[in-house]
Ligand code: GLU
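Before any questions on how it binds or moves, here is one chain, the form predicted on its own, in structure tokens.
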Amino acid sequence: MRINRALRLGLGALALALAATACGGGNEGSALDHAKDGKLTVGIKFDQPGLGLRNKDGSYSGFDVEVAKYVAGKLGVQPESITFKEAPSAQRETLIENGQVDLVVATYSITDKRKEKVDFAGPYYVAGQSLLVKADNTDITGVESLNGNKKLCSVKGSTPAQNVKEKYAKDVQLQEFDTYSLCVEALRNGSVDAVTTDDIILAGFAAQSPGQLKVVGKPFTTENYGIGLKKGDKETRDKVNDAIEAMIADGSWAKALQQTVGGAGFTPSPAPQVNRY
């Protein structure tokens, strides 16, 4: 009986440990705890040229990547000690809540709904929603011309496509994919008429395909890109805000922006004012 009771207790403890692991799914401790150990895990996009891109050689490039490296450096973490993890739009809050990443720097617009689940530092960039079409398309010149059963693509878990349907083109047909690169492929093969998201993202894709794609229309929203982190972690948020302000002040922000998206014929927004959310 004693053996059976000990066995039951042991199995019960194991079950509790496994349940805790399943619920957490990530490393314990705050982002600053991990930074003190000299390492950070940062969620970025893997498929956004000029912003967050995993290159064929396994390296990472883009403005978000440079922001992440700068912030990590201010927290005491060297670039080679950063683990970059893919953060698709629909999974960003979950990755943060489960502790699978310390920070998310992935064209992550700050919204009230998202702030219910995570905290934000920033903004580190202010974008505006626009449209990407084929270079020879003359029908779509702006958001209003999407009316007439045009097919519009964006990604799951993102706000742009629904924003268009609710405010500008009620009869537009929405098509959602997991990534923007799939939307761009659908645009190339004629499955959709336009792709919508922030202008800086679209400019990166247009620059990747000179003469094939173009950004049309004036920006019709304001998207504040923030760095996502665990809700309630004010200490980390304050330090990340300090790092963003330092990056802007010492010229590193402008330099990174020019190096990553400056060649796309795109005029970036001026440096933002960091808010203490």
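Throughout, we count residues from 1 along the sequence that is shown. Please read all numbers here as calculations on a predicted model, not as lab measurements.
If you look for the form predicted in complex with glutamic acid (GLU), you will not find it shown, but the lines that follow are about it.
Of the residues S145, Q91, T159, Q100, just one reaches glutamic acid (GLU) in the model of the complex with a heavy atom at 4.5 Å or closer; this is T159. With the partner omitted here, the stretch from 207 to 215, 32 to 40, 239 to 247, 221 to 229 that lies within 4.5 Å of glutamic acid (GLU) by heavy atoms in the model of the complex is 221 to 229.
Under a 4.5 angstroms non-hydrogen atom cutoff, glutamic acid (GLU) in the model of the complex has S109 among its neighbouring residues.
Taking the partner from elsewhere, V104 is found to have every heavy atom lying beyond 4.5 Å of glutamic acid (GLU) in the model of the complex. Although the partner is absent here, Y180 is a contact residue: one of its heavy atoms lies within 4.5 angstroms of glutamic acid (GLU) in the model of the complex. I201 belongs to the set of residues with a heavy atom inside 4.5 Å of glutamic acid (GLU) in the model of the complex.
In the model of the complex, R114 is the single residue of 114 to 131 with at least one heavy atom within 4.5 Å of glutamic acid (GLU).
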